[in-house]
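For reference, the chain that follows is the form predicted alone, supplied as structure tokens.
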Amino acid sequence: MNRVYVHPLPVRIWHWANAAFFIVLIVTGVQIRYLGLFDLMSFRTAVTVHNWVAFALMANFGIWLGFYLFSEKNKAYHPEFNIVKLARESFEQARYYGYGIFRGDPNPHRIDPYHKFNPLQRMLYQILMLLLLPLQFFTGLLLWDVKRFSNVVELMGGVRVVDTLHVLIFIFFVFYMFFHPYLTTLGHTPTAHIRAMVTGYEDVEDEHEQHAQAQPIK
């Protein structure tokens, strides 16, 4: 294994802060949405904590966006416009997750600091970070002060529409928070990816060794 520095310190700080903020928002969001079913804190406390942590998450998102906008490592988030290449690589990655990983086949994606996401991850994170999260911030901001943003709320179809959109994205993130830990166990050891997000270094299989493993036994 070769150790490759993939996750810079600002990204690691952002990641763990983001995880903590998400957990608090999920807990307080459930308390607000399902008042009476859960009694972890008062409604007023839940709303106050939810609002402040949401603003902290927005600031954290700004740090992430600023880092990638002005870093050469933003290539990790560049979209692939070659549809044929994207389809082929996505199929190979999906086949690996669904079949090859259980046979001990090598991962078709080789991590480096500029391409740390495989094709499926890149598509997911583009949707997550560049569409759903900003949209969640936007709807949350409207719900934070409905009176101030009443014109925008009405333009979007009213409070019910804005609230429904906010809750649907919230549900997506809840499922993601359960699915994400599973994906972290798919390294060469169950804790390899978690350790990498602490140290910054990913263990990458040597290219010659990976090629040798991929050859059929004669």
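Numbers for residues come from their place in the sequence shown, where the first is 1. All values reported here derive from a predicted model rather than from experimental measurement.
One more form of this protein, predicted in complex with a small molecule, exists but is not displayed; see below.
Chemist: Since the chain is shown here on its own, which stretch among 158-166, 29-37, 43-51, 60-68 would lie within 4.5 Å of the small molecule in the predicted bound form, judged by heavy atoms?
Modeler: The contacting stretch here is 60-68.
Chemist: Please identify the residue among Ile194, Ile13, Val24, Val204 with any heavy atom within 4.5 Å of the small molecule in the predicted bound form.
Modeler: Looking at the other structure, the residue within range turns out to be Ile194.
Chemist: Which of these residues, Phe149, Phe170, Tyr176, Phe55, gets a heavy atom within 4.5 Å of the small molecule in the predicted bound form?
Modeler: Comparing distances to the small molecule in the predicted bound form, the residue within 4.5 Å is Tyr176.
Chemist: Quick check on Trp144: any heavy atom within 4.5 Å of the small molecule in the predicted bound form?
Modeler: Contact check for Trp144: no, nothing within 4.5 Å of the small molecule in the predicted bound form.
Chemist: Would you classify His188 as touching the small molecule in the predicted bound form, given a 4.5 Å non-hydrogen atom cut-off?
Modeler: No.
Chemist: Would you classify Asn18 as touching the small molecule in the predicted bound form, given a 4.5 Å non-hydrogen atom cut-off?
Modeler: Answer yes; at least one heavy atom of Asn18 falls within 4.5 Å of the small molecule in the predicted bound form.
Chemist: Does Gln121 make contact with the small molecule in the predicted bound form, using a 4.5 Å heavy atom cut-off?
Modeler: Heavy-atom contact with the small molecule at 4.5 Å: present for Gln121.
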